[in-house]
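The form predicted on its own is given below as one chain in structure tokens.
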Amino acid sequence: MATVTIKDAVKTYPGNVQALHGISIEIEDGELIVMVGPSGCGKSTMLRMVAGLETVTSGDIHINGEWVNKKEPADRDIAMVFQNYALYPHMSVYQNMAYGLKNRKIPKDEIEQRVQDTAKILELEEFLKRKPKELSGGQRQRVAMGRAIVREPKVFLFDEPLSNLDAKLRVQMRLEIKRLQDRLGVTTIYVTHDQVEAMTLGHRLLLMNEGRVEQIGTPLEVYEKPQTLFVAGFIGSPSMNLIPVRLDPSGNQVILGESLPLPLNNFENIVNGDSSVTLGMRPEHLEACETENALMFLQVELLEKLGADTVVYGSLDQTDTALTVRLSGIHPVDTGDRLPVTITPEHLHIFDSDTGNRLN
């Protein structure tokens, strides 16, 4: 087991192209950290720097207290699972899993024991003699994971391992990875652009955007209190409604459009005067209500009836503001309806429109 410390990690490519701008995080022994963000944000580059597959321009990486910037990948005691599985097509499942151990001169009987034990954990026993081409995508991914497990590394690194699988199989494999990490307790860094994977797998999330850290926290901390507009819009499905508004000088309400007021808890100590801010409301926190209790009225333009939920898209009365509402269950609403909705003040998020930072 091991801790991983990343401090002020910078990556600059030729032509002064900076991919990472000082990434820092302390990863505890046995923790599963998910690095999440849109494609091109630098998360895979950061993972490859931990693995030793990319050089560190500046900053420090420590594994279990040991500085590893100059260490070769083979000397870092890590195991990496790639997006494309990276299996040897001419080798059997057994040979693929045993290959790294043979290179390390592990005794044959110990290799046999490790491979058999790992195959049992991953339910691969009946596939050990097969070649990768004879396996499904999910089975190949389990073999790639098995090849990492048999090495008994200090740290697991996963680089978008489920992105080539169909939706149903991704759910199944997420559960398997979660159970596996809970069982083995190996420190794990997992990279994905899929927020569902991030929310369900990670003990903590590191959200990245354009090579910078936007927020680090538990999945619930990130969901309930996003620290920036980027995080607010990235985490959640459907994504948070983000609406430019004016904050009333009293701090007791915001004004949507020209004259639609929405009451707040008191924010007068945060922003003084008639300031422009961005209001965030998660679709699932907006509730349909009786007309007399409505704070807003939504002109319904489009519906997604999902069975467990009904997602309503439309625009607010008195404004041209688009709004998405997620209602529980099969809701009796139709296109063209005028839907009364409300929301409690504690579910409102206020951001500085210029900096993007959270204000409340």
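No experiment lies behind these values; they were computed from the predicted model shown. The first residue of the sequence shown is number 1, and the count goes up from there.
Keep in mind that the form predicted together with a small molecule is missing from the display, and what follows is about it.
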- [ ] May I ask whether Leu298, Tyr313 and Thr321 each come within 4.5 Å of the small molecule in the predicted complex, counting any non-hydrogen atom?
- [x] no
TODO: Considering the small molecule in the predicted complex, find the one stretch among 326-334, 57-65, 34-42, 303-311 with heavy atoms no farther than 4.5 Å from it.
DONE: 34-42
Open item on the list: Considering non-hydrogen atoms and a 4.5 Å limit, does the small molecule approach Ala19 in the predicted complex?
Closed with: yes
